[in-house]
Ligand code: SAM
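Before any questions on binding or motion, here is one chain by itself as structure tokens, the form predicted alone.
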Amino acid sequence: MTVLGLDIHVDVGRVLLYDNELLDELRRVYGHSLHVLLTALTAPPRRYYFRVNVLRREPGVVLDEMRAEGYRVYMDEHWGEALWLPVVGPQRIQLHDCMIVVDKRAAESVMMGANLYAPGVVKVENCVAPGREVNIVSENGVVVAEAVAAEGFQEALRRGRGLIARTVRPLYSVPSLRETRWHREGVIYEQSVSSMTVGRVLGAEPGSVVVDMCAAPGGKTGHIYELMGGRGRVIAVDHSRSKTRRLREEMERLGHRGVEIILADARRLPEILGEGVVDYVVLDPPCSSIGVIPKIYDKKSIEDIEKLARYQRSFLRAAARLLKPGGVLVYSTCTVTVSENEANIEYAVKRLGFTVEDAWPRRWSRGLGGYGAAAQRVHPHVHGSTGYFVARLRRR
């Protein structure tokens, strides 16, 4: 295995395995800046965002409390409920002669400072022993952290759960919020500022009926409920039993007992809830997730994108049936392809009876020409945040 230390430039071509047709698709958006985008996909956001649950605490109060306890925390320039912590790094990683190899998901978590747990482990070298310093390395050879092997890691491996190693020096670092009192008390929720755009663009009126079609893990659901002041009917839907369970736990932690949670394929919602009965729909369908950062490894083809675009349109058709005449749909993805974004908006307008409205409030870049020009695009290399697309449509 070739190990890429921090003092060695990470080869983007090794991390991002996109076929030529997909790269051509991305050039439609980025042109000569494509390599800049691809490089940006391998680094985390400059700011680590979370939002304050305004139904439980004033954001300014939380800001003051956290600063009093030594956190370098700041309020977003645009949205009062959004707070952020600076991301430190990249940091120089010392190379050790012993390593633990982990999968993509674990590597992307550990590189930001999380400890390593059993489900993400691919291989533990024979040299690893409790208390020994090791490197945590992704399957494609990127060193993401220095760590110390935990006592009892062998038992954790055997059981398939439990702590394997404590991270002592990650590639990037940001204070962990999961163990803080604000998290335990349901006062904060970790969510990218790109994702927060959805609730702001939706602008749901208190007392209205809102459906979040692909709701897990619940960040948008909770944000919308809070922006509505907890007044209205918010229905969160997901097809995964385990994700729905975690979604329910998150809503309970936040105190959002008024959120209704449905385990179902969201494409069947018109049969479950009825047609023309909903004021607002949020649709953030499964996508290629190209905008999600940081990436340790990602392999995709244009065929993957085309298949996903067709799948996304099946959700759009269901959303059109759910909405009342004059109802609002906010369509969003955490990807940056045209096929999954502007092309789907064009489909919604030409085939499903939608019109596109200006996606206020403007803080990002405009979408591409035509139907996407009223949408918002978040570019990782420009805005330092997860790549995202958001468009607001109204049912005729």
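Treat the numbers as computed from the prediction; the structure is a model and nothing was measured. In case it trips you up, residue 1 is the first one in the sequence shown, and so on.
Missing here is the form predicted together with S-adenosylmethionine (SAM); even so, the following discussion is about that form.
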Pick the stretch from 201-209, 214-222, 151-159, 68-76 whose residues have a heavy atom within 4.5 Å of S-adenosylmethionine (SAM) in the predicted bound form.
-> 214-222
S-adenosylmethionine (SAM) in the predicted bound form: contacted by all of D238, A264 and D284, heavy atom 4.5 Å | yes
Any non-hydrogen atom of K243 within 4.5 angstroms of S-adenosylmethionine (SAM) in the predicted bound form = yes
Report yes if any heavy atom of F315 sits within 4.5 Å of a heavy atom of S-adenosylmethionine (SAM) in the predicted bound form; otherwise report no.
-> yes
